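Shown below, as structure tokens, is a lone chain in the form predicted on its own; questions about how it binds or moves come after it.
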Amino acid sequence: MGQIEWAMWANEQALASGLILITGGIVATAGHFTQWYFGAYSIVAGVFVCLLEYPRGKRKKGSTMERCGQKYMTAVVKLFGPLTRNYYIRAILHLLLSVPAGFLLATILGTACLAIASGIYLLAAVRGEQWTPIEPKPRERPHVGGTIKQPPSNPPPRPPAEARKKPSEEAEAAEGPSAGPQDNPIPVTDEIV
């Protein structure tokens, strides 16, 4: 059985917790909760977490499905170098970001989710994983001369291979009866009523 790549799980968990933090912060701020400023903090922290976690990291084995529009955020995340590549730093950052949001009931679910993501990132860091960007592969164009031996001589639609006439059959057909009028075996009468 293969090794589990914990960073992939932590990435999904952290992205979801960022969205939950934003939602809880909007509820707390719009509802004018007593400590609404924790709600405003949760909105800012949630947006930051979502921007940091949106680009997926490349897996060690297999292929990684890139998120829509990820290449633009990947360039930004790559600029910060080891601060974003190292999962120990991400674990500590997420844990510190989750603490202030825990003082408000509307954002406590986002706090718990972000703390869980922090724990998963810590596990990924202990196992030696690190974030590497998904680089686009250059597309290789197929060699047209290598794939097509001889272009087809008949225009489409072509009959199936077994129904096509062989060159010897074409010669026999040409030597046969002339291409004059044909006799219809069924009598046809034209009755006008």
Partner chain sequence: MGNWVVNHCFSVLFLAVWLGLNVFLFVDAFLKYEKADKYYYTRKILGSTLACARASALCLNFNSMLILLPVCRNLLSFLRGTCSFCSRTLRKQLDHNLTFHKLVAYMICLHTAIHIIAHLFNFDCYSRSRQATDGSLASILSGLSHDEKKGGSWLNPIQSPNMTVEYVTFTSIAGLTGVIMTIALILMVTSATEFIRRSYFEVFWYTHHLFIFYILALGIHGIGGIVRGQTEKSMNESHPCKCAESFEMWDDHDSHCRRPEFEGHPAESWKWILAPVILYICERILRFYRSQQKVVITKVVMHPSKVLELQMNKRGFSMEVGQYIFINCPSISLLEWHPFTLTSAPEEDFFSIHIRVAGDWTENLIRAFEQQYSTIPRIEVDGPFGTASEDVLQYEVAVLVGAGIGVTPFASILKSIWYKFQCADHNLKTKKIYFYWICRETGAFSWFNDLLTSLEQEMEELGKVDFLNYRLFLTGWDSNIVGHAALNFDKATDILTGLKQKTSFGRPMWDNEFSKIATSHPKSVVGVFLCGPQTLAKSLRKCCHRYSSLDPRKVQFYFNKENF
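All values derive from a computational prediction rather than experimental measurement. Positions refer to the first chain, counted from 1.
The same protein also exists as the form predicted in complex with the partner chain; that form is not shown, yet it is the one meant from here on.
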Inset, instruction - Please pick, from V76, L109, L96, L83, the one residue with any non-hydrogen atom lying within 4.5 angstroms of the partner chain in the model of the complex. - result: L109
Inset, instruction - May I ask whether A40, Y72 and E135 each come within 4.5 Å of the partner chain in the model of the complex, counting any non-hydrogen atom? - result: no
Inset, instruction - May I ask you to state whether S153 is within 4.5 Å of the partner chain in the model of the complex, using heavy atom distances? - result: no
Legend entry - is_contact(V27, the partner chain) in the model of the complex, heavy atom dist at most 4.5 Å: yes
Inset, instruction - Using a 4.5 Å heavy atom cut-off, state whether I116 contacts the partner chain in the model of the complex. - result: yes
Legend entry - Partner proximity in the model of the complex: R59 to the partner chain, non-hydrogen atom cutoff 4.5 Å: yes
Inset, instruction - Go through 32-68 residue by residue and record those having a heavy atom within 4.5 Å of the partner chain in the model of the complex; state none if no residue qualifies. - result: H32, F33, T34, R56, R59, K61, T64, M65
